[in-house]
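Next up is one chain by itself, shown in structure tokens, the form predicted on its own.
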């Protein structure tokens, strides 16, 4: 046992206190990050002469052996306070006294911060990669399904006809904003803490920039007191994740509705829909209901993180250990939801005939009719009232607005003529839209082009970000 009380010459921790204070169970997800950080640290110690070159080489070999065992699934760690002490314990057992030199010029405070930044940076990179692919898939669906027309809703009431492309692009646009928040989380995490020590730095002549370069961080943290207590990068990741899962929840909510018999716009493939334990006729959209449900826990973990850090004094405090559960759970949800959507969305099919009937049987083109009167010189509020009266007449007589006759329209207002009534065709409503950002064909083209450009740029940027596995492999390939 190398628990810190024993390392400092004190008594060994009571096993019950050790069990309460240990983060090892959660830290097992951070072994790779700890090995990478330690490899960079020992490289620096050897290069600066702070430890003998042969000791640095032995430590490097021991850490790389652990990395191999981790990859092969054979790594066994002792019961310690955390993964950092567990790894040091294994090295002590294998290498003897030289292992004690690994912690030179390093505190667990800056070590933990480095491991967590490596982890959040990698989680952000993976989210950016998967998210850009998902959003590009929605753009592809939009391009392929632009001719299908269906109702759009406000207040969950039928509002205006739109193309299915417009629906898909609505969700792709929201996901594109999420790329910005994950990029911000990545940038916040991409700062090296290692080298600030416990809080005030070190009197040893370390080279923080060497470590920074080996780990491909963008910069060094500025102030050690701030560094060891800073978890803003985790908050940024948790916020990005919560907002993403709110957006995927909204997409899921739409598809749950559309798959219901009341809407009937969507059919789910048999290997996607779930049955009922009692009702054999059911085809439930469970996957989308669960995607919708995941957002609540992500929001809860964001609040938990904020609550943990809100009252802490400056410097490191053990409360910060509670961040592990929230971040790891949030990351798992993000990965699971994006993977589920990748499988599920290609198995979602819109029923063009059913969507078309919903458009035909209502009065969603009423605004087009009012705007046709406006184009003749009528003030909008007057046109609004005229069309509103016509819609009420059609509803009373159970006539779709698209089927209204010129005679009946003129009985409401003589301003209605054959040219104006052309706008009563709901299927032509989409084509009449000309404003930027609308469901009109030219606007759809522009949205597809712009989103493709942004998403491809984000995907390319993510591909250039440091890869944790590649970083680990680089220490196999090069000592310097």
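Numbering follows the first chain given and starts at 1. In this text the structure is predicted, and so the values were computed from the model without any measurement.
Beyond the structure shown, there is the form predicted together with arginine, which is absent from this document and is the topic of what follows.
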Heavy atom within 4.5 Å of arginine in the predicted complex: which of 108, 247, 333, 216 fits that? Just give me the one.
-> 108
Which one of 321, 173, 308, 183 is close to arginine in the predicted complex, taking close to mean a heavy atom within 4.5 Å?
-> 321
Might residue 84 be said to contact arginine in the predicted complex, defining contact as any heavy atom within 4.5 Å?
-> yes
Is residue 137 close enough to touch arginine in the predicted complex, meaning at least one heavy atom pair within 4.5 Å?
-> no
Spell out, yes or no, whether the shortest heavy atom distance between residue 27 and arginine in the predicted complex is within 4.5 Å.
-> yes
Non-hydrogen atom contact residue 316 with arginine in the predicted complex at 4.5 angstroms = yes
So which of 89 to 97, 108 to 116, 145 to 153, 382 to 390 is the stretch with heavy atoms within 4.5 Å of arginine in the predicted complex?
-> 108 to 116
